[in-house]
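Given as structure tokens, the chain that follows is alone and in the form predicted on its own.
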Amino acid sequence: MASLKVPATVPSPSEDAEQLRKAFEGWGTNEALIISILGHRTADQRRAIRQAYRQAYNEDLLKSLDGEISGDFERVVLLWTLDSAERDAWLANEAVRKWRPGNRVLIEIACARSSKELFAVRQAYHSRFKRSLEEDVAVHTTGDFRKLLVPLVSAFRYEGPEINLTLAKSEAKMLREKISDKAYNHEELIRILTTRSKAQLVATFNHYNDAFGNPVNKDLKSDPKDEFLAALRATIRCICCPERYFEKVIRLAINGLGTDENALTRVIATRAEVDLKVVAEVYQKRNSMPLERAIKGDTSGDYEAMLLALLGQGA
């Protein structure tokens, strides 16, 4: 469920491109005009605006935006203006270059997207960075994280609803054995998480809970400071309940010491046309506060206005 609010009558891409050009001209940039256009256009409409802008002014809209705006506002506008596969490729490359064990961006991209979407990200990554995503992940990560992340970003999971209950039972038992033995990096455990369809994994995790009395993620919390265990839990949450996973990312971004603008920007920009409405509902239920009020209380200026536009406020 998308949250984006698009006006009933949308100007042509060339009209929007012309208005954006006007926002860049004269004394100072008209940030409100940028938000009123880009913050209320679908992916297809934004793509058409970029094409019209290039044809009219012989310049990439992203480059023009980069020269006119800055800071957190610039980051959210640029991420939003990109196609979803380009955006994920850019975020994946940034995550790889600045990789650290606590970074969950690669897990989000690998597990909260469909197989076709992840395949498109890999193609966009090839095209933009002249290397494969798998190659860069393998180069920049180490040890158990490499064992998990390379197959995750390489996956092309079956997307259908069919499940094999016998397999779910046997693999739930196998997961229980490995977790009980603290063999968290065992190749069988990683194989199950990185190759099975989401429907099959949900069946496996449901059987795990029924058979052993605990959700698998609870049994993976034996050492709260272990970043690899946290990565395994994030993988499972992104596969089974992405809206709850992303609610938690937003909550931690807002409730921590200072705001984690990068995390907040990433979730709002990547989920606005997917399930941000559901994420916002989960947030309100969990925190007894509407997400837009939390964002208003924690951000300001043009950055706040753009985030609220992507949440479906205004226009």
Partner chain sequence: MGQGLGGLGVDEEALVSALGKWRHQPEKRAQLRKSFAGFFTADGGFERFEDDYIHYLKIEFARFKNIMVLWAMHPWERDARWANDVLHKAHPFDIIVEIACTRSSEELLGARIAYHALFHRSLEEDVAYHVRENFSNLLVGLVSAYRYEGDSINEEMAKSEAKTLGTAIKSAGVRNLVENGEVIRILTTRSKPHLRVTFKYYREMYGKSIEEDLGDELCLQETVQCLDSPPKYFSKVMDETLKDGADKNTKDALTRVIVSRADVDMEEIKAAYHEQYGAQLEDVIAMKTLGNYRDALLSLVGQ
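Just so you know, these numbers come straight off a predicted model, no measurement behind them. Numbering follows the first chain given and starts at 1.
Quick note: we don't show the form predicted together with its partner chain, though the next part is all about it.
K.L.:
Check each of Asn214, Asn206, Ser197, Ser84 and return the one that places a heavy atom within 4.5 angstroms of its partner chain in the predicted complex.
P.N.:
None of the others qualify; the residue that does is Ser197.
K.L.:
Tell me, which of Ala230, Leu79, Cys240, Ala155 has a heavy atom within 4.5 angstroms of its partner chain in the predicted complex?
P.N.:
Answer to the contact question: Ala155.
K.L.:
All three of Leu257, Asp260 and Asp302 touching its partner chain in the predicted complex at 4.5 Å, heavy atom to heavy atom?
P.N.:
So, no: the whole triplet misses its partner chain.
K.L.:
Answer for Glu187 alone: is it within 4.5 Å of its partner chain in the predicted complex, judged on heavy atom distances?
P.N.:
Because a heavy atom of Glu187 falls inside 4.5 Å of its partner chain in the predicted complex, the answer is yes.
K.L.:
Could you tell me if Glu171 has a non-hydrogen atom within 4.5 Å of its partner chain in the predicted complex?
P.N.:
Contact with its partner chain, yes.
K.L.:
Contact between Lys130 and its partner chain in the predicted complex at 4.5 Å, heavy atoms?
P.N.:
Within the cut-off, so yes.
K.L.:
Does any part of Leu167 reach within 4.5 Å of its partner chain in the predicted complex? Heavy atoms only, please.
P.N.:
Leu167: contacts its partner chain in the predicted complex.
K.L.:
Going by heavy atoms within 4.5 Å, which of 67-75, 214-222, 240-248, 188-196 lines up against its partner chain in the predicted complex?
P.N.:
Heavy-atom contact with the partner occurs in 188-196.
K.L.:
So which residues in 1-36, when you check its partner chain in the predicted complex, have a heavy atom no farther than 4.5 Å from it?
P.N.:
Contacting residues: none.
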